[in-house]
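Let's start with one chain on its own, the form predicted on its own, as structure tokens.
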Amino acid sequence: MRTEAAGAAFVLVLLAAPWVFSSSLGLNLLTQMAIAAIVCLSYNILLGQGGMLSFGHAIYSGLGAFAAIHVLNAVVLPVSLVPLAGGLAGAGVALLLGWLTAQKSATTFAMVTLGLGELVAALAWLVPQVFGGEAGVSGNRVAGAAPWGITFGPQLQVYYLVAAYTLVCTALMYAFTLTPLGRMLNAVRDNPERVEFVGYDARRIRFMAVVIAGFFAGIGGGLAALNFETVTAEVLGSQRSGAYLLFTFLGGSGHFFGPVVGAVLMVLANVLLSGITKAWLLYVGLVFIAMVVWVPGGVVSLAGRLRWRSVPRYAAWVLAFAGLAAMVEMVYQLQLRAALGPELRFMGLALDATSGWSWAGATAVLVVGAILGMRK
């Protein structure tokens, strides 16, 4: 029931969000969030549902993006169907690579996907005729026919195309969790030996899961190709695969809509937080470690864990984190922005990275926050 309610809220937000965030930046962020939601949900088929820790998921979304941009340039499909070419490409690659990766589980599966991810990312630079080298491959989504006046030039039209795909893909992935195959994938995650004992082939189930996840990741990649109209080899890199893992876990891999929350956080971190501070990856890493240790259920599990009596403790830890962040920003100011001088603004306060008072103040905030946070 809670999942159905979350699904209804998801549909409502997806359809109504452009009316609230109607600026160009807002529509662009919403489009990226919807695309990331598809890819993170597809990743969670492997991680959350199948217990398969993959370090190479960007292979499917990235190659799907390249396939879509080439199909777009060839003008062999209507623009609205181009993402399906990305999905087919992702599934096709998963058919080839999944046979190898699904042979093993646990650590071996993770290591094989890591190796394949690095292999494909390196190959992309060796075949510039396909992947475009450093410049990548560009396309033009408004060059084709414009049925009913829909050119996909305005960002609002692109958003609603992405939203339509997101709704359909989300519904299909949720339906997959209810199928016998989806249930058996859970069983493979929990006890593969028992699955084999009752007559099912765990490797075949993992293989089918990889292919299905690759298809939806490819659709996400195809939508990204339409949105940005440029695809570079960066989309195949290990950093992209790591981001899918990190934010899917942060959102909550144990809940169906957890990856959607993670996708929203991923876009906010990549677009907004990275524009505020150069230390954004450090903060994301700290939050990830804290979530793994203390909140393994992800952000979606926080609602069930929050207690009013614990609010002062949470506020104390936020205070401690603010003190730590002030120290990090002063280090970055001295090491990376020395030409701008030692002064910086942090949360409305003027700090001097060379002043002992600034360091003492940040340290005091960190220590006091930590002491108050550790009190029972």
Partner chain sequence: MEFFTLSLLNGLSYGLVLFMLSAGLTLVFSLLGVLNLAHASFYMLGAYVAYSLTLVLGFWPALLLAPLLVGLGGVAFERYVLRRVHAHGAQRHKAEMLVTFGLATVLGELVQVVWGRGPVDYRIPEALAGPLFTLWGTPFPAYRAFMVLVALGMWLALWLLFTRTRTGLVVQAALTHPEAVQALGHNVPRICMWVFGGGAALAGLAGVVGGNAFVTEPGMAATVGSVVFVVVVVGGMGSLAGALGASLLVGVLQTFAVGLDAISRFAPLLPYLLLVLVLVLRPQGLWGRRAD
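Numbering follows the first chain given and starts at 1. This is a predicted model, so every value here is computed, not measured.
Only in words, not in the display: the form predicted in complex with the partner chain, which the text now covers.
For the partner chain in the predicted bound form, the listed stretch (325-333, 66-74, 308-316, 33-41) containing residues with heavy atoms inside 4.5 Å is 325-333. Comment: the partner chain is not present in this chain, but in the predicted bound form one of L272, V292, A175, V168 has a heavy atom within 4.5 Å of it, namely V292. Only one of L245, I205, V137, A187 comes within 4.5 Å of the partner chain in the predicted bound form through a heavy atom, and that residue is L245. For Y159, no non-hydrogen atom is located within 4.5 Å of the partner chain in the predicted bound form, even though that partner is not displayed.
Proximity of E118 to the partner chain in the predicted bound form: non-hydrogen atoms within 4.5 Å are present.
Among residues of the shown chain, F131 is not one whose heavy atoms approach the partner chain to within 4.5 Å in the predicted bound form. Though the partner is left out of this view, L53 does reach within 4.5 Å of the partner chain in the predicted bound form, counting heavy atoms only. Across the proposed site, V112, F288 and P296 without exception bring a heavy atom within 4.5 Å of the partner chain in the predicted bound form.
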